[in-house]
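This document opens with one chain alone, in structure tokens, the form predicted alone.
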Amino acid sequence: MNIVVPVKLVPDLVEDLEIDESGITLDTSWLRLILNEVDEHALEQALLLKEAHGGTASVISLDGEGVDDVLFSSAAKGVDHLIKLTGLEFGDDLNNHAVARLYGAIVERLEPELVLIGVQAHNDLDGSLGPLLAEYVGMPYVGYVSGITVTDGKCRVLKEYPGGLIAEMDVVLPAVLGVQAAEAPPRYVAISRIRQAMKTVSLDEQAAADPDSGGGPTIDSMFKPETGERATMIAGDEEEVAAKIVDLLGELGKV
């Protein structure tokens, strides 16, 4: 089975995000990028399917600081083919339409049976990457997937719905699946294995085509939300706190 996993690096929300002087994008001078969490689950699911059915797994990524570490970590886990698109980087104001078109060109050349991708990212301003990619490569798409079984040219997926509902769907291959959670936690790989991969595995560096951002939104301005009224902490013992809550509810006309 030929599986492709396009991955995306996203801003680390542990860091303070700043808006640059233009007011329409983040300041990338000190921006730290990390692998999108659900892309890591998509990668783990790809490895589980490869181990169960054989075949190859490929990872595609744009260039950028930290991308090589992500790719070589993938190789240390069991990925066969590492593809890095050069000439463009995450943080270059590329919207998801542009990234989906760039990835789509590679996917079409690889002709996979399955494309597994994280179902969403916290910086998706113009829609999730998976459905856009599926549209550009002409494959069916199912999102919020938490389980995949492959048999006889099709796969059965478990799709999550709000309220804890799970649906079983049969999907004809090839297809793009948006992974919400892998069937096992993403595996840990030792630093020694990553260093070994850096010595033995080569990156397939391919020049990225000119990006086409058509269909995405135009951002006029970005701003941090204003701080509203802060919470009032009620001190005292249980009876005092209860009495104050009743008084507050009375002032609001709730009792």
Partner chain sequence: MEYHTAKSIVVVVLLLVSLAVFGLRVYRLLGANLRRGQPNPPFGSWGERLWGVIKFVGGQWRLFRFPAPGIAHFIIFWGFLALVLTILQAIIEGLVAFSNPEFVLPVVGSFGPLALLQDLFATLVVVAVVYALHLRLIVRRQRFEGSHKAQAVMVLLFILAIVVSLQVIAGIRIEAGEDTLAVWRPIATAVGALFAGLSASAMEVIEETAYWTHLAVVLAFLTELPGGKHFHVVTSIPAVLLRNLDPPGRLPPAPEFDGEVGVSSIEQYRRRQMLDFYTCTECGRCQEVCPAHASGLPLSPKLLMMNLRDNLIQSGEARRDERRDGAVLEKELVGDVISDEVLWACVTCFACDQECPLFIEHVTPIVDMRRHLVMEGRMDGMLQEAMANLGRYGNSFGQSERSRAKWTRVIDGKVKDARREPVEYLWFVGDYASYNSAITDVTRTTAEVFRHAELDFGLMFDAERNAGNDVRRVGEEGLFEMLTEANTVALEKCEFQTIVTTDPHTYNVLKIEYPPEVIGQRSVLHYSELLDQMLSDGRLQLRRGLGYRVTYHDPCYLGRYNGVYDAPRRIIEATGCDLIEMPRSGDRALCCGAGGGRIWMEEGETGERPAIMRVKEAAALAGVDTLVVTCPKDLVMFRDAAKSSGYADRLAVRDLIELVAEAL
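So that the term is clear: the rigid core is the largest set of C-alpha atoms that superpose within 1.5 Å between two forms. Residue numbers count along the first chain shown, from 1. Predicted model only: the values in this text are computed from it and were never measured.
Below: the form predicted in complex with its partner chain, not depicted.
Contact check for Gly216: no non-hydrogen atom falls within 4.5 Å of its partner chain in the predicted complex. Although the partner is absent here, His53 lies well away from its partner chain in the predicted complex, with no heavy atom inside 4.5 Å. Although the partner is absent here, Ile60 lies well away from its partner chain in the predicted complex, with no heavy atom inside 4.5 Å. In the predicted complex, its partner chain sits within 4.5 Å of a heavy atom of Tyr188. Judged against its partner chain in the predicted complex with a 4.5 angstroms heavy atom cut-off, the residues Glu15, Leu33 and Arg193 are in contact without exception. Partner contacts here mean any heavy atom within 4.5 Å of its partner chain in the predicted complex, and among 205-213, 25-33, 220-228, 45-53 they occur only in 25-33. The two forms, fitted on the rigid core, differ between this form and the one not shown by less than 2 Å at the CA of Asp16.
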